[in-house]
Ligand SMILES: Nc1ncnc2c1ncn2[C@@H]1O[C@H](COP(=O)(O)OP(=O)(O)O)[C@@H](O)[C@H]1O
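The chain below stands alone, shown as structure tokens; this is the form predicted on its own.
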């Protein structure tokens, strides 16, 4: 079991800074995800940790030892790529054992370890199959087994699930987390998928334009965004420009409850964020009035899109058993006063599409 520390890493391509003094640490056995839109620097950070590229500034420490100048092949890190990168002329067993063969491990020991890893990733019955005989999910399992076979000090995963269909993605992400916990190796996972990052990580680093915008446990990232970028990027949020009032916040002429307003001065202009699951639908006179534009059945829940007079739209996600409103109906929206997040008014642009 090993720990990692990236200290003030900086990388410049063609005069453009893609990483700007990024620092990040992983404890022993910890699973940390790098989450962000395309071009934010998350894969560059992973490649610097792996040793595929050299930083223009900063250091990489493994168990306190500076490995910044150590070649990738000598860092003992297991890598799983978006593309499976398997050798087409090798069986699953041979692919998994390839790294051990390069390290000069004896044939019998190599085969034993490869079969153990294939059992671990659920492919014990497919040892002699070639990549073209395996599904995409099975090929990625082989790639995971290959990364783990060398007993890596650190497991690095670069968007390993993005080429798979939705059902296989969910199944394999849970398997990756189970296996990582079972082995106890620290893992750094790159993804642009918020659900993936929030569901399997010990901590999530949300990246924005070459920097870490927020680092914390998944629940904190979701419930307590610290910047406009994180609030807008992670999950769905209704966003309003509001004014702090003595009784809470004032939106479109209505004063509404907000426990967090106490930390702001009366008259201050703020961003007011509200997640769909926190919205309640009430009588028009008992909340901020609006018109039901649409409703979407999601199985156990139903999502309503509400047009608010003078304040834009808001989504409300309710248990389907309580979803009694129809498009065209006038309703009011309300919420628990502790639910909304309030941030100071700024001009941060919305995040780019992933």
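Source: prediction; values computed, not measured. Numbering follows the first chain given and starts at 1.
Just so you know, the form predicted in complex with this ligand exists too; it's not on screen, but the next bit is about it.
- When you look in the predicted complex, the only residue of 298, 321, 313, 38 with a non-hydrogen atom within 4.5 Å of this ligand is 38.
- Of the candidates 24, 18, 339, 343, 18 is the one whose heavy atoms come within 4.5 Å of this ligand in the predicted complex; the others do not.
- Screening 289-297, 24-32, 59-67, 43-51 for residues having heavy atoms within 4.5 Å of this ligand in the predicted complex returns a single hit, 43-51.
- In this stretch, 167-182, not one residue has a heavy atom within 4.5 Å of this ligand in the predicted complex; the partner itself is omitted from this view.
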